[in-house]
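Before any questions on how it binds or moves, here is one chain, the form predicted on its own, in structure tokens.
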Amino acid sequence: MVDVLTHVFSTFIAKGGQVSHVRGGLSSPCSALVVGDRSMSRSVLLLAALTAVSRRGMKVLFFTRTQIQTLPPSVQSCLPNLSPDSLKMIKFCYPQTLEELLLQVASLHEPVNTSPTAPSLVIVDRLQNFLCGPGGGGGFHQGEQSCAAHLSALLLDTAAFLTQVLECRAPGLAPCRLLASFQLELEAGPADPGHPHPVLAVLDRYFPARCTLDRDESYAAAAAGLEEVWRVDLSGAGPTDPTDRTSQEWQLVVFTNGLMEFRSV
């Protein structure tokens, strides 16, 4: 999955920018978790989906609770000439509960859902919405860590199954990648790297790569007159030592006219 995200950042890098490589780069795990602001996380997920279908010919399955009527302006500005045929390569599914999501993901093992071509990118938007208790009050299901582990394990097992299908039918599109987003509850306060959220700690065991989005509130960002500046950290295991985590840093700029671009740091 790291290859898809890196491809997105590199494709929409500012003119004249260079792609940076940190300490030999990252390995290429097939699952990655986007952590940060919910609106910006969704924009990154949609941009990844659209880039996958338009630039790499991948079929995408996108799970989210909230129906997507239109693309965010920032995403539209990145891909202004997107063809209707490309959009047809993305299938949006709208499960409303954790149980519905589990059922829909499990159904991907059925032949009818992998014909004629299996998806090569599965995206789950806002995992916290499926792990929250009824009413959306911010609390998690009792046994939320078990729920997170169960869902993550099923997603990884399904991605492995779809990879086998792709290797038989369309080797050039294998393996199947998995991308999901998760936002910490605002009332929980800022994340503490030394004491991660218990659900996020579980997710990290299943998603070896993480893309973290942090709003840049620095004076330099404000003085530049830009509407939004975000720090993007793409981290994961090193290519030779899985215990050695490396990272690539980017800056995401969203201008007042909606144009979005990435800059290497």
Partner chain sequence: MRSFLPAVAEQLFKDIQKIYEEKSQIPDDLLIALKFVFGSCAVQALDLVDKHSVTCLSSPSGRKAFQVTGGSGRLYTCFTSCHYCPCPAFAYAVLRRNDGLLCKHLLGVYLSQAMGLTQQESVSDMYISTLLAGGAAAS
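Bear in mind the structure is a predicted one, so any value in this text is a computation, not a measurement. Numbering follows the first chain given and starts at 1.
Below, we refer to the form predicted together with its partner chain, which is not included among the displayed structures.
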In the model of the complex, the one of 71, 156, 132, 82 near its partner chain [non-hydrogen atom within 4.5 angstroms]: 156
Listed range touching its partner chain, judged in the model of the complex by heavy atoms within 4.5 Å, from 41-49, 197-205, 210-218, 62-70: 197-205
Contact of residue 168 with its partner chain in the model of the complex (heavy atom, 4.5 Å): no
4.5 angstroms heavy atom contact with its partner chain in the model of the complex for residue 161: yes
In the model of the complex, residue 87 touching its partner chain (heavy atom, 4.5 Å): no
Residue contact check: residue 111 to its partner chain in the model of the complex, 4.5 Å heavy atom: yes
